[in-house]
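Just one chain is shown here, as structure tokens, and it is the form predicted on its own.
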């Protein structure tokens, strides 16, 4: 599937129904696959974590999880207004950089305001957003999951099990064959991970949802998927189990539809301010700098 890039990180601009079609083909395939649900924090992390960047770029699908990713795609796809190379005049370095900065800032403001002020435009680009939690629900609801076994891995103590119970109530026909929190960071060792792999392997799942947080979940999937031959699809889903289990209340629909769930999370958990700063201010700065350097 054709991919675009944000600061050398691949991403597939794909609608949720198209994601589900791809998943259907993955589950019918003899090969193993994994999906990354990408957010701005992951792009920032990947700039200094080469292994994480490689894992993302090797994924079968990298889908936008959040409006920040979609804004960046819109901003970066704008064609530059001119090319310095085609000018038969000499412009001093300072003036050149200043002009490029002004052009980039104009494009930045235009794209940002269009998303903010135009409901039609915002709705159009949000067609390509698929939150991890929504993907879990859609997969469990999909007919392609019929007779497939699902395993839940990650989140805090008892959270994955509670999420599994809630999903079983919502979708009685789904077959969840295991749910556990996995290995805590201070407990990590080869033996403990091997025991975990063995338990998952014995459950013989077709689909594995991994909620260990990025980049840990993506790297774990990449390093361990081949040890789980029954798994045809693994997906890193971040904090989705927290919402599904009811541990954290999801944002009201109006926040979801406008792409402002991050603002709701900040309201509920002020301690997330650093993460919100990274996902908004720092990410915006990186994208803007990348665009200027590409002129």
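Residue numbers count along the first chain shown, from 1. Worth saying up front: this structure is predicted, and the values here are computed from it rather than measured.
One more form of this protein should be noted, the form predicted in complex with a small molecule, which is absent from this view; the next part is about it.
Student: Against the small molecule in the model of the complex, would residue 216 count as a contact residue? Criterion: heavy atoms within 4.5 Å.
Tutor: Answer yes; at least one heavy atom of residue 216 falls within 4.5 Å of the small molecule in the model of the complex.
Student: Given that the partner is absent here, does residue 212 sit within 4.5 Å of the small molecule in the model of the complex, heavy atoms only?
Tutor: Yes.
Student: Residue-level contact is defined here as any heavy atom of the residue lying within 4.5 Å of the small molecule in the model of the complex; does residue 265 satisfy this criterion?
Tutor: Taking the distances in the model of the complex, the answer for residue 265 is yes, it comes within 4.5 Å of the small molecule.
Student: State yes or no: in the model of the complex, is some non-hydrogen atom of residue 272 no more than 4.5 angstroms from a non-hydrogen atom of the small molecule?
Tutor: Flag for residue 272 set to yes.
Student: Considering non-hydrogen atoms and a 4.5 Å limit, which listed residue (165, 106, 126, 183) is close to the small molecule in the model of the complex?
Tutor: Going through each option in turn, the one that passes is 183.
Student: Within 4.5 Å of the small molecule in the model of the complex, do 118, 259 and 261 each have at least one heavy atom?
Tutor: The answer is no; none of 118, 259 and 261 reaches the small molecule.
Student: For the chain seen here without its partner, which of 236-244, 66-74, 22-30, 46-54 has a heavy atom within 4.5 Å of the small molecule in the model of the complex?
Tutor: In short, 236-244.
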